[in-house]
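Presented as structure tokens, the chain that follows is alone, the form predicted on its own.
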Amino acid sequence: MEDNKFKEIPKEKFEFANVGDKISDAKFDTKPIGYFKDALLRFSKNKASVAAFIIIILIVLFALIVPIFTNNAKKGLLDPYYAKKGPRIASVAEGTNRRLANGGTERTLRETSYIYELAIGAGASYVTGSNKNTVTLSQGSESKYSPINYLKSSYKQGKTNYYKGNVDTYLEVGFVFLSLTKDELEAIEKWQAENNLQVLYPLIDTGTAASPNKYYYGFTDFSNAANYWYKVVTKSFDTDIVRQYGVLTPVSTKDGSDKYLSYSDNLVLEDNFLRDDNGNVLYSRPTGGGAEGMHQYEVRVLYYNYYIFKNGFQPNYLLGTDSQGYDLAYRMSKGIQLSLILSVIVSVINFIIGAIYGAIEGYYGGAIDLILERVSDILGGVPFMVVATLFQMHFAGKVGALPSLIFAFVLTGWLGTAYRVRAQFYRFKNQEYVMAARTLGARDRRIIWKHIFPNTLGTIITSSVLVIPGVIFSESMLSFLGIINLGGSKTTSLGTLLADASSIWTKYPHLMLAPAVVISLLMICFNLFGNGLRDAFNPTLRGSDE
């Protein structure tokens, strides 16, 4: 009777009855697909959500990596001389013939302005000990310190020559006057000798208060006077040159008169250096009274090299600098960290409070639900903007701006989660498996957290993720409006960066562009990611391809 025995049918004989793409491979799998595995499979087929998730990961990595690998970030640099500058990476700029990442901006320069830019490179090429500048403007343009990255074209309009080119705004800072102690001065002298990199340059002859040097620009405007190391005519003296060519015109006095100097490649500007009685140029001079060792010393430094001396590296800024002179990439990373940490903390707290509150409402119902719902209605009618403002006015000074903001978000932020949990509990609490657990003597706490709550987890997770973009937007808006102030030397917010750039973004668009793009990406990507999770955790779609 061997033929009458049950024979096992090989699994290769089975195939899926549903038509279309399968959630498994070609082989028949007898193992059931779990809830989370099924959700992951459906989520992976949502290309928009996957792309959004990848972008979020990249933004998070940016926020974590930049503070580690950015030299400027490690030192927490604030450099007002390099404020509001564009992106610059010295190695990339040099490798692309100063075409990319060069900290440049497009300029149309008059002849005197073009000479001024080239004079920075010529002045930086001054040979120590020569007592005379012999560098031509052409040689100045070839100097690595020349602010002119490249010249596009030149033209003449009327009697004026114009030059179009790209100017490195970092090198354009050029020379600056500093006041140093004796120890600081000696440290610079020692460093430049060891590194063969010149920091100190000849001082400019300013004259005296009783007899000022009429070729010194500093009496008119001290802001960039250190770059006018050559003789110029200023508006203080009414000469034929001023009337004909305008102020800040380079002049030569070799023939005994003020002679206008026009641009040419082989032009050597006549220097206006401070010299001693023997005709030697001076690199420093003591200022103030008191004992000799207590003097301050006035010096003129090439700021690019002084920056290297002070920090140990060249000025490299991946995204440029902000309005104060901080590394914008570093500030962006800190702003992203703050936004994400704040939003995750608020989301977790809202998750906990909302889950407990909604579970109690939905499970017990009746009078308890009625009372708790009225409390929710009252809290739901409180405007968030008013709450945030009042908390900042009365609590920020005691607990800090960030904890105060978290309290404002949490006061009413959990209401949405509570509403969703309550609805899910009403949906599942009368299911057969719940009734069976209750019949077997399970306590309410066990039924709530072991039987009903897991079925609401997908909805709660989705709602919690969708809270994140709302928190990021609200925090950025409050910072932008100045209701809260999360800016400081060590951290800032994306909204604060936008607020700082709001009045100057037309001239410095990178200050507005970078934080605006990041905020937009975070908002869009978290919404797409949340929508993908919502569809993936939807029990009605289990086993489907939609």
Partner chain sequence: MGKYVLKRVLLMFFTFFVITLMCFLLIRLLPREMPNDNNLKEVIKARWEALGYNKPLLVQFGIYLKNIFTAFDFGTSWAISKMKPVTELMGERLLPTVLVNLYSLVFSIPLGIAFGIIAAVKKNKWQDQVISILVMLFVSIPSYVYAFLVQYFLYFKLGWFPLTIYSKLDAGGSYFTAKMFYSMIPPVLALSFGEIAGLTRFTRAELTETLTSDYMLLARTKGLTRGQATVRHALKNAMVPILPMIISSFVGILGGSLIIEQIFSIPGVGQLYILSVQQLDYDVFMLDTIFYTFVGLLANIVVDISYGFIDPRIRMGER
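Since this is a predicted model, take the numbers as computed values, not measurements. Residue numbers count along the first chain shown, from 1.
Although not depicted, the form predicted in complex with the partner chain is the subject of the following passage.
Inset, instruction - Report the residue, out of 390, 127, 436, 187, that has at least one non-hydrogen atom within 4.5 angstroms of the partner chain in the predicted complex. - result: Contact residue from the list: 390.
Legend entry - Candidate from 374, 152, 144, 259 lying within 4.5 Å of the partner chain in the predicted complex - any heavy atom: Looking at the other structure, the residue within range turns out to be 374.
Inset, instruction - Indicate whether residue 481 is a 4.5 Å heavy atom neighbour of the partner chain in the predicted complex. - result: Yes - in the predicted complex, heavy atoms of residue 481 and the partner chain come within 4.5 Å of each other.
Inset, instruction - Flag residue 498 as yes or no: does it have a non-hydrogen atom within 4.5 angstroms of any non-hydrogen atom of the partner chain in the predicted complex? - result: So residue 498 counts as contacting the partner chain.
Inset, instruction - Report yes if any heavy atom of residue 92 sits within 4.5 Å of a heavy atom of the partner chain in the predicted complex; otherwise report no. - result: Looking in the predicted complex, residue contacts with the partner chain do not include residue 92, since no heavy atom lies within 4.5 Å.
Inset, instruction - With heavy atoms only and a cut-off of 4.5 Å, decide whether residue 473 touches the partner chain in the predicted complex. - result: Residue 473: yes, in contact with the partner chain in the predicted complex.
Inset, instruction - Establish, in the predicted complex, whether 53, 56 and 59 all lie within 4.5 Å of the partner chain, using non-hydrogen atoms for the distance. - result: The answer is no: none of the three residues contacts the partner (heavy atom, 4.5 Å cut-off).
Legend entry - Partner-proximal stretch of 269-277, 94-102, 402-410, 376-384 relative to the partner chain in the predicted complex, 4.5 angstroms, heavy atom: Result for this chain: 376-384.
Inset, instruction - Output the sequence-ordered list of residues from 507-521 with at least one heavy atom within 4.5 Å of the partner chain in the predicted complex. - result: Residues within 4.5 Å: 512, 516, 519, 520.
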